[in-house]
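Consider the single chain below, provided in structure tokens and representing the form predicted on its own.
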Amino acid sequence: MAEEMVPVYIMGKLYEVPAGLTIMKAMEYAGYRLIRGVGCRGGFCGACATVYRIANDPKLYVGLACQTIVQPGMYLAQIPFFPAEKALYDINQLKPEPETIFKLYPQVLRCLGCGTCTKSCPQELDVRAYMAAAMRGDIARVADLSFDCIMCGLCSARCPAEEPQYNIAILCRRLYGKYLAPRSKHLEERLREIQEGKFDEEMKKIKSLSVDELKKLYSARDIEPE
């Protein structure tokens, strides 16, 4: 049975590629060698932001090339990285308060609430909601809602107010992680034990094992129940 092929335009040139391929695999099938704009290939790193149109459809679509399946009549081009505004700061010198967000990213107050950022997010995050939280200075809420952001930049690319949503989000996650998140007591205890040398002998023993012995030890380890 012949393999189904679909026509796609890559960088303006027509190619026939097998149906079911992702944009990334289709580009490689067409002979493109991907050096930039490719990373984890699993939808986690955000490096392969892509814009595309479909024939006879006026809408501009966005997605990750490693996750989006090609469609007949797709016109596509990868977005080279472009710099959204990124504030420079020393996290140790900041305070976890609304004024920190407004001082470093005053454009946060330009948000129109249009939802274009949410529509463009390949992770299906409610970007508009965490930007609204940022406008209220709710650092913990921004950190929670943006937790799965992969920093692909598609929200910023489509934003009519030209806001760097993903940079604002990571600022809030850093502030939350350093100043607001509950401290892990057992982690502090374990770090103290490491500093006191409690595990030095055990580490020496492990480092002396061969690769096969390490594999056997790893396979026999106690695994926490799911």
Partner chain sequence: MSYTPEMRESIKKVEATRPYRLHNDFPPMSLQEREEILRKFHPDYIEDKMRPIRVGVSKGQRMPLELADVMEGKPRIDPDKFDLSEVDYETDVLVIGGGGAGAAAALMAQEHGAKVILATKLRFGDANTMMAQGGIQAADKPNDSPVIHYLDVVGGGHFVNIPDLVEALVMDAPFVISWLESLGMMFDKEPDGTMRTQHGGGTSRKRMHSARDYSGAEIMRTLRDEVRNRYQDITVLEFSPAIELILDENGQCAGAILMNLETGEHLIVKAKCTVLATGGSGRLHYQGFPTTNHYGATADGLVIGYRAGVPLIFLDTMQYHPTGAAYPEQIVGLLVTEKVRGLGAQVLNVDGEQFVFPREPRDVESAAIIRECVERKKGVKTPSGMCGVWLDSPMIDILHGPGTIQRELPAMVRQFKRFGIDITKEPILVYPTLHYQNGGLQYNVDGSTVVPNLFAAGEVTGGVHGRNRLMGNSLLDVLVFGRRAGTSAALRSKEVKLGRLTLDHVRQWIRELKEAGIEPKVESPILLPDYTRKVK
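Because the structure is predicted, anything quoted here is derived from the model rather than measured. Positions refer to the first chain, counted from 1.
What comes next is about the form predicted together with its partner chain, which is not displayed.
Taking non-hydrogen atoms only, C159 never approaches its partner chain to within 4.5 angstroms in the model of the complex. By the criterion of a heavy atom within 4.5 Å, V62 is excluded from the residues contacting its partner chain in the model of the complex.
In the model of the complex, its partner chain sits within 4.5 Å of a heavy atom of Q195. Put simply, P122 is close to its partner chain in the model of the complex: some heavy atom of it is within 4.5 Å. In plain terms, the part of the chain that comes close to its partner chain in the model of the complex, with a heavy atom within 4.5 Å, is 147-155 out of 127-135, 110-118, 147-155, 95-103. Using a 4.5 Å heavy atom cutoff, K25, G31 and Q67 all lie near its partner chain in the model of the complex. Along 193-207, these residues reach a heavy atom to within 4.5 Å of its partner chain in the model of the complex: I194, Q195, F199, D200, E202, M203, I206, K207.
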